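Only one chain is shown below, in structure tokens, and it's the form predicted alone.
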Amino acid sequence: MKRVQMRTFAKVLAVSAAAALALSACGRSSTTTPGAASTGSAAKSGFAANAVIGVALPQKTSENWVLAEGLFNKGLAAAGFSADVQFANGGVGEQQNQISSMVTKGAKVIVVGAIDGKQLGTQLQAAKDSGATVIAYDRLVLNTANVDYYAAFDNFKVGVLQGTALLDGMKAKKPNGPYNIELFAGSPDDANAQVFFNGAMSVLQPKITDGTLKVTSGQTAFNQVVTQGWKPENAQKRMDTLIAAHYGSTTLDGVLSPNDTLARAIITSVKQAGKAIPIVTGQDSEVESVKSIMKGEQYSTINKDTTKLVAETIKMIEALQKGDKPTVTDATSYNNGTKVVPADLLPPVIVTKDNAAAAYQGTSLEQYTK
């Protein structure tokens, strides 16, 4: 699976075939140093303990992004830094301006959760020229050498877990196929969206090929199934159209949904059409989806604990402040189209009704699993 991840990710970013083969041959690394990859000036010399740290977050499209804002503000302050945490609800232009402002304020590290990872080249060049270190957070920043590290969950594995959950859920409900399914993906301007999709399709495509799965609409390409802006209304409208066109008397067995917000929109569409709820996947452990899972509606989610990811990112910043190299768990897989970005990856966890109580024990979601 890890080699598939490297090949598919390289293909997504349109690197050369030779580069893709080189990555495939390398294997994933467990090293704690980024090897030959370049790092920011801050990593070489350290910086003041009370330095400005910029955090540029995207639009508030999920609970996890809102949670990250508070965690970064609290965590950076506790570590002694001056936090400048911004949401770009106005879109890409606003995020570009916010990053430029962070550079002007003298931020030593800029953490970027990109709205569109392809449109920050000018701003990140200015950040590097100022001596700042750039950490891509959750979403890889693309097509620029001016990103030093990547902090995220293993997003290809997220897709693998979603595809596996879809198959497992349908089999538990109806032991023998074939199964009728539909596919949804996230927003095409989010670098993670295709990584999730590719991970899921690494599991689902062989079953489509052998006839176990039938995508009734025929829409199997990423660009056919994307959901612009991760907006639930866009997913619900597309599901309405699919049901009307293809599921008059045909049973819908499963839907690959890339996150919880879209999963709930898909389920709403199915309910309004008077259809039985299929197996629907998700991601992010949103409260309403955890409740839905416990009611037996949404089948699964992916627990990507934002608390852990923010804490890991702050650890990276603290290492940079001391002039040390941050921990890197994968120094070979994440080619952004210009360079291989050293990554610190956390493992995602699949959650269904069967393991929700254990998965969320001791967390704010525990109360919803009883």
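Start at 1 with the first residue shown and count on from there. The model shown is predicted, which means the values in this text are computed figures rather than measured ones.
Beyond the structure shown, there is the form predicted in complex with ligand BGC, which is absent from this document and is the topic of what follows.
Contact annotation: K325 falls outside 4.5 Å of ligand BGC in the predicted complex, judged by heavy atom distances. For the chain shown alone, E182 is not a contact residue for ligand BGC in the predicted complex, no non-hydrogen atom being within 4.5 angstroms. Within this chain, N192 lines the site of ligand BGC in the predicted complex, having a heavy atom no more than 4.5 Å away. Contact check for D154: every heavy atom lies farther than 4.5 Å from ligand BGC in the predicted complex. Of the candidate stretches 121-129, 103-111, 138-146, 90-98, only 138-146 has residues with heavy atoms within 4.5 Å of ligand BGC in the predicted complex. This chain appears without its partner; in the predicted complex, the one residue of N335, T329, N303, S62 with a heavy atom within 4.5 Å of ligand BGC is S62. A single residue from the set D240, D284, D116, D84 has any heavy atom within 4.5 angstroms of ligand BGC in the predicted complex; that residue is D284.
Taking ligand BGC as it sits in the predicted complex, the stretch 234-264 comes within 4.5 angstroms of it through a non-hydrogen atom at just one residue, N259.
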